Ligand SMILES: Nc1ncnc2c1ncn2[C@@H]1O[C@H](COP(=O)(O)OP(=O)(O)O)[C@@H](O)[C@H]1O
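Read the single chain below, which is given as structure tokens and is the form predicted alone.
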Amino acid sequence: MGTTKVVPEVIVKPASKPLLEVKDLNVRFSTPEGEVHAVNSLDFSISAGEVMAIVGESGSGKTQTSLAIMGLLAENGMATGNVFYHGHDLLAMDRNQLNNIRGSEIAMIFQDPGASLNPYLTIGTQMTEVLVRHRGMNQATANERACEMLHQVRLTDVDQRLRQYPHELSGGMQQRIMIAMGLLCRPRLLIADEPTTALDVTVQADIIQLMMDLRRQYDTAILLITHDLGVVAGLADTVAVIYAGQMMEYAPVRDLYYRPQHPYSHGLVNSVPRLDQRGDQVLRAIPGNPPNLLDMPSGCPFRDRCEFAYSDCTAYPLLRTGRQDSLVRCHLDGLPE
């Protein structure tokens, strides 16, 4: 077993200039046991109005990718590479420069709204301080904008909500408030980390519809971080499948569902119940566990769990062009029928 050397690769996207361009992003964490390679040479880009999803199992590097973009890694974490927003490298900015962009140009909806909202401050205080800080509004104008945005996320009794503390609200209400806070300054890019986790299905559907409406209204680009392929199907244009911090497949959402090219993508799709199949369908879990990020195996990181693995898989596969606009990191030229 040894550390896999990952060769930086460039994803070729359409000629239109992207809003966000991530190049050779690596995230490392120093731990007492050694260095954890959480994200490895990740490349992707997002254009205005586009919704791109990053999917994968827990621990695949999804959330660390989003935190690296926002400059919010833990103290023992370090990001290298480039994250260009409108041509400016976010990784090269100092804290003051990042603070001028975070919340204003780029906003993030965190995975756990209950943990992200300040329990000691009212919802109104937490919402209006964003507008005062980034838009220079006075308190009265900021209150009006906060009320308007709470209506946008379909909350009722908004004056009362502004006076309440987070613990007085349900999980669905907290998530809607997080979305409202993220969109207060009408950012160009919204990063949504598991925005429907722990919500019941009716609230999930409302959140998805809300994000679609806001995308159409403001031409906001969305980077969706999730393990829920049902949410991806309803919202995303393109999907990046990552495993052990590495891009396994990149494809338009329809292609990924109907003809996945990587065995890992194939396994993820087959583990989701589908309405177009019989009710007695058998869901197939992916066997085994993800690799130890402290001691990555040589060759393909997925080969020990792959039902299609063969001798070539002991060599590390490079990211290559697949069908149409897709990319795949696999030695197989298409999955067996």
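Predicted, not measured: the structure shown is a model, and the values here were computed from it. So that there is no doubt, residue numbering starts at 1 and follows the sequence shown.
Note that the form predicted together with this ligand isn't included here; everything after this is about it.
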**Prompt:** With a 4.5 Å heavy atom cut-off, would you call S60 a contact of this ligand in the predicted bound form?
**Reply:** yes
**Asked** With the partner left out of view, is A115 within 4.5 angstroms of this ligand in the predicted bound form by any non-hydrogen atom?
**Response** no
**Asked** Would S170 count as a contact of this ligand in the predicted bound form, using a 4.5 angstroms cut-off between non-hydrogen atoms?
**Response** no
**Message:** Is V269 part of the interface with this ligand in the predicted bound form - any heavy atom within 4.5 Å?
**Reply:** no
**Message:** The chain here is shown without this ligand. Which stretch in 71 to 79, 89 to 97, 250 to 258, 132 to 140 comes within 4.5 angstroms of it in the predicted bound form, by heavy atom distance?
**Reply:** 71 to 79
**Message:** For a quick test of understanding: in the predicted bound form, does each of L121, Q126 and Y165 have a heavy atom within 4.5 Å of this ligand?
**Reply:** no
**Item:** Listed residue (I286, A38, M296, I46) with a non-hydrogen atom within 4.5 angstroms of this ligand in the predicted bound form
**Value:** A38
